[in-house]
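Presented as structure tokens, the chain that follows is alone, the form predicted alone.
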Amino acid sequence: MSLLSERLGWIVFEAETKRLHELVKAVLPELDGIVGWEQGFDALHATPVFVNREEDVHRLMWSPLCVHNLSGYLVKTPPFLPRDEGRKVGICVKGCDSRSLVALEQEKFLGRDRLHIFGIPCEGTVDWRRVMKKIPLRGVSSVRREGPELKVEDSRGVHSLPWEESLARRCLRCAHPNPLVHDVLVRDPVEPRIKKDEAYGLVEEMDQKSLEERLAFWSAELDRCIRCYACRNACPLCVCQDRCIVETRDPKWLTQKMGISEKFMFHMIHSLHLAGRCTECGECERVCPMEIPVTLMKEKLNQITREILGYEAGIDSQLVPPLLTFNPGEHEL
């Protein structure tokens, strides 16, 4: 085993990581920096990293542990964007992440000419919480994929888990595993896990429930919400968080009370503000400390947008999201 494999604790994706290092070194002098992923506090976690020196390029990695959508760093305060005209910043993106870049370009938050995009076709990212529920781990030292299984080594030995049972929910329904925009690809494209028309299975299951059952489901789920706003903060398209309607006091729309009505209002506002804009990257659901399936709300709105308006967010940078336009002819819809 090489030193790189030992450092990453993820053997299978050593080649992709080396390739990423080569591609970054080739263009780093032309960039203000690059945002990617590096090894986290143990072998089961990765974390975002900002690199602007060649001696730090070795910190960059790629593996199915690279779960974060990094596009939000380009628009959140302070934005990680070039300081001077003519300069660029680099960013690593998976397929779902690239849709966020497209959506941000559509809304004029980003200029494609200011970015150098390292696209990484993705076969799914590991949800460490799903893994921990099935295998209580302690002192994780190595994680790797061997065929249809995830192998995790900790202080008690090596544990196996079916690969499909380790993936995040967003990955199980992903129809866009390959970056839609990129300057270079780190690895060969992969086959989509599902077709576009199969993406809303859970939404359709929910639609089969009665209104009373749906209300009971969401009441129970949202009652656990602690209003930490992690879902809002992680969303790359929720760009007005410094003047968010749920926290503003002039005008005042919501209190900071923890009643179910306030929680419902926050999540409905958040979802509706993303109607026709959400790229289903799943960041809101991934960061929720209470594990509430909040992406499911956005998926329902996206299903409606696709069926009525024939529009899918984050696919074509030349299109304008339908709710950002006004067409008098839409009165018959």
Partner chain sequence: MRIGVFVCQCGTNIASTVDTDAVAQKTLMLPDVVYSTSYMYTCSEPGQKEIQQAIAEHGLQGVVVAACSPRMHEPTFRRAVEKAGLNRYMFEMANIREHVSWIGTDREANTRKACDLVEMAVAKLRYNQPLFSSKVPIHKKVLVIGGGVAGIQAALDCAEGGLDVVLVEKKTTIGGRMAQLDKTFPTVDCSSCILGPKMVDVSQKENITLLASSEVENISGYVGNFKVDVRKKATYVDWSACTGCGACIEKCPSRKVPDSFNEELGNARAINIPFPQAIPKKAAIRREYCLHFTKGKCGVCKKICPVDAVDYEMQDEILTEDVGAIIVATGYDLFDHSVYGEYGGGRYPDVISGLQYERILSASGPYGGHIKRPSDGKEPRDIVFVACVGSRDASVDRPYCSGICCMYIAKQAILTKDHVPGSNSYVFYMDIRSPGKNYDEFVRRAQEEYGVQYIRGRVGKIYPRGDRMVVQGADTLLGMQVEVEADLVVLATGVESASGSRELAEKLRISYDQYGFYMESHPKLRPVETNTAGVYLAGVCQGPKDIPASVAQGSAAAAKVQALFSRDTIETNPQVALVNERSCISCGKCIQVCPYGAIQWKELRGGERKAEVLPSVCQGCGLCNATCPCKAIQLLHATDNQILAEVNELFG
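Residue numbers count along the first chain shown, from 1. Owing to the predicted nature of the structure, the values given are computational and were not obtained by experimental measurement.
Same protein, other form: the form predicted in complex with the partner chain, not shown, and the subject of what follows.
Of the stretches 155-163, 191-199, 242-250, 178-186, only 242-250 has residues with a heavy atom within 4.5 Å of the partner chain in the predicted complex. For the options Glu149, Glu107, Glu221, Glu123, the one in contact with the partner chain in the predicted complex, meaning a heavy atom within 4.5 Å, is Glu107.
None of the heavy atoms of Ile315 is located within 4.5 Å of the partner chain in the predicted complex. The partner chain in the predicted complex comes within 4.5 Å of no heavy atom belonging to Arg59. By the criterion of a heavy atom within 4.5 Å, His273 is counted among the residues contacting the partner chain in the predicted complex. Put simply, Ala15 is far from the partner chain in the predicted complex: not one heavy atom of it is within 4.5 Å.
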